[in-house]
Every structure is written in C-alpha cells, then in structure tokens.
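What follows is one chain in structure tokens, specifically the form predicted alone.
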Amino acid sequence: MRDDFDAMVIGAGPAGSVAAMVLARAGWQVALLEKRQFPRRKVCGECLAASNWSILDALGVGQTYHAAAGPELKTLALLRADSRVLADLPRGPAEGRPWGRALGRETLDTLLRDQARAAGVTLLQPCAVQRVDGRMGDWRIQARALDARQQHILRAPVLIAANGSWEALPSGLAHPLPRRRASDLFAFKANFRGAALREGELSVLALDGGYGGMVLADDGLATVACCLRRDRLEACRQAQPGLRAGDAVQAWLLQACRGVRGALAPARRQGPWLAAGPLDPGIRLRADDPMFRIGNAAGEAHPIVGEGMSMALQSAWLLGASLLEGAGQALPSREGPASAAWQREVAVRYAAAWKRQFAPRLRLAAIFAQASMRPSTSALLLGLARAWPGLLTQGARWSGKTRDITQGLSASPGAGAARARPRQPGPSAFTKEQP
C-alpha cells in the first residue's frame, strides 16, 4: 500500500469516517486508522437528531440508516424518582422526516466506515497508532497492524484527530487528563430486550449524583445509558459489595427511579454493561492547535442532551467544508494543504465556525446536567417542566436538534463530492477485517 497521503484521520467512528469520506470524494488521498475491530459496541445513547438527515443523505447512507434505525422519536419524558413529565420533541428541518431516531453504534460505525472505504479511503484496521510526529504540513505516523504484526510509516500534510476524548494520542500534542475528583463523571450503557418502553419516547433521567436516558433503538433493543459522579458510583458499589460496577449501577437505577423499574421489569439484558470515563466535557479545540480535531477530540457536551453523535457528524462535515473551501479559494497564503500558513488560516476559520455551532450546546448541556444531578435543582426543573412542558421542547431546540448545519455553510462538502473524479474503492491495508 502507499505510505503518502493528503490527509490522515485517526479514529473511524462517525466523525473520522465522515471526514475521511468527504475529503476522499473531493479527490483527496486519505488514510483512516482505527484501533478496534468492527462491529463494536460503544458507550453511547445512540440517538441521532433529525438535523443530521441532510448529511447522511449527501453521504449516500440516509436510506440505509432509516431502514435499520429504531422508531421516530416524537416525545420527551423527564423522569425523577416517582415523577414523570411529558413534552413534545421539536420537529426537525427535513421534509417528511422531522424526527430523530436511534441506531446502535455497532451498526452505524460499520455503515459509515464501509461507505468511506467505498469512496476511496485507505482503511487501516485494526491498527494502533504508536507515535505521531511532525507539524502542520508535514505529519508522520508510526502505526502497527494488530492482527498482522506489520509496521507502517505514513505521511501527510493534514492530520485529523477523531480519536475520542479519553484515549490520548501517543505524542506530545495530547491534552493532559484532569486530576481525580469526586465530581468526575463515568458513563455506563447496556441494552435490554423486551423493555416496556413506549415507542417514539425518549426518556431523560434526573438522578441524585447523575443523569441518564432510555430509548428504543433498532431491532427492538432498548438502550439504557447514564453518567454518574465518582462519589455516587463509589456509593453504589459500597451498597452492592461483590457486584461489578455496571451491575451495581443497574441495582441503584432500579431503586432510584420508578420509570426505570417499570421499563426493565419485563426486560432481559443483552450482554454486560459497558463503561467509560472519566468524561471530560468541554472544548478542546484551539485555533492554534497544529492538528485538526473533530468529534469528542474537539469538544464534548454532557451526554444528557443526546448530541454527541450529532456533533461528531456535524463537526466532521464542518471541517470538510472548511478544508475544501480553503482548497478552492485563494486564501491570503495562496498555497495549498502542504503549507503551514494555509492550514493555520483554515484552522482559524474552522475553530470560529465550530464554536458558533457547538459552544451554545455545550453550555446548555452543562446547565441541564448540573441541574439534573442535584436533588434541589432537579425538583425545581421538574416543577417548571410540569407547569410549562414547552420548556423541555424549547430546550431540545436550543440543544441543536433542529439546526441543519449544511444550510449555513458557504461551501458544501456535498458539492465537492459531486465534482470528484471517479475513484475505485479504497484498499484495506490488512486482510483480516471484520465485515
């Protein structure tokens, strides 16, 4: 396989696969590196807002997504202890498809990765990035094939980090992890079959020391996900000595919330609880960062608003638009992607656009999360929602669930894809690859 590319993308989740696909369809030579085998389960609420349908359609996976996803989500339920408040979810911008839906990450990630490979992306999976060296315009990655014991040295002028938030890159460019705190958040997720969840309802859980959600996703599976503070998690484990962390969390959820008890009473859990953390919500993107960041590598919202996958897709689309716009216009540097000056100009524009799109979501999510985790404020939140259910509807709208990011861009990656020269499906660097 070749070792020189126009761009290298680390991480083949939704953000990485979309960014690689957008650039490859515009004629770029792109390498996509992923450490894990697919299909894989991930700690994720699995909901995707209707604001993303135009992106999926442009990528050619919209019909496949809707054929596989769970029921349309039209109602929001706020659950706290024995209480329950219902509100309408806002309608999205897509004509005929105004509602969000849920699809398991094992299906979505594989779908997007395969589409990226069909667009001409060179896929390296499973592949561990051992070292990242270089600077804007001149990057070098040392990687190892995990199932073939092959070493690869790859080079490209553009480097895109899409590797999530709690797995640092092996370089001096990684952001330091925060110190251990009682307020650290740990995420848990499990799937259940036969749960008594209402079709089309998205449940949000306000918990003492955490928050969570329940939704009916694809294949009739219910997803239950939650985030717990470190001190609450330790209390759960002390109350259930001998149980694994996820089992202790499940026991606590059943005790703490009547809605969870009712939903899971007839259900059977499918596989073990997954866990990840500590989470580090906030903005990691900087205009002076030497590499481009998308998805959680750029910034992470509290999962309570369910915008993680939306931000992954939309930030990848936004970066693709920024890179292609820069390549198609005479920027002040009048040079191309191999120029550090060119990349700095693109990075400044991308960072500004990213913050306009996503910083308000992060702030709203932080406020909602903190209010939901404290008994006094969560009781107030429930009272306000009971008196004015439209407040929850408006909150969902403010979180970005109805905003089509493609409508606000001066350059659309979809246009670049349409002009791209025909490409053969990109090669896989390894022979042992999961379908």
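So that there is no doubt, residue numbering starts at 1 and follows the sequence shown. These figures come from a predicted structure and were not determined experimentally.
Heads up, the form predicted together with a small molecule isn't pictured, but that's what we're talking about next.
Among 192 to 200, 126 to 134, 232 to 240, 82 to 90, which stretch has residues whose heavy atoms lie within 4.5 Å of the small molecule in the model of the complex?
Heavy atoms within 4.5 Å of the small molecule in the model of the complex occur in 126 to 134.
With the partner left out here, check for me: in the model of the complex, does some heavy atom of L381 sit within 4.5 Å of the small molecule?
No, L381 is distant from the partner.
Spell out, yes or no, whether the shortest heavy atom distance between G164 and the small molecule in the model of the complex is within 4.5 Å.
Output for G164 is yes: heavy atoms within 4.5 Å of the small molecule.
Is G120 part of the interface with the small molecule in the model of the complex - any heavy atom within 4.5 Å?
Judged by the heavy-atom cut-off of 4.5 Å, G120 is well away from the small molecule in the model of the complex.
Using the partner position in the model of the complex, report whether V43 sits within 4.5 Å of the small molecule, counting heavy atoms only.
So V43 counts as contacting the small molecule.
When the small molecule is placed as it is in the model of the complex, are A225, P303 and E307 each within 4.5 Å of it, taking any non-hydrogen atom of the residue?
Contact check passed for all of A225, P303 and E307.
To verify the annotation, which of these, A396, M373, C47, L59, has a non-hydrogen atom within 4.5 Å of the small molecule in the model of the complex?
The residue from A396, M373, C47, L59 that makes the contact is C47.
Which residue among K35, R403, H66, R386 has a heavy atom within 4.5 angstroms of the small molecule in the model of the complex?
By the 4.5 Å criterion, the partner-contacting residue is K35.
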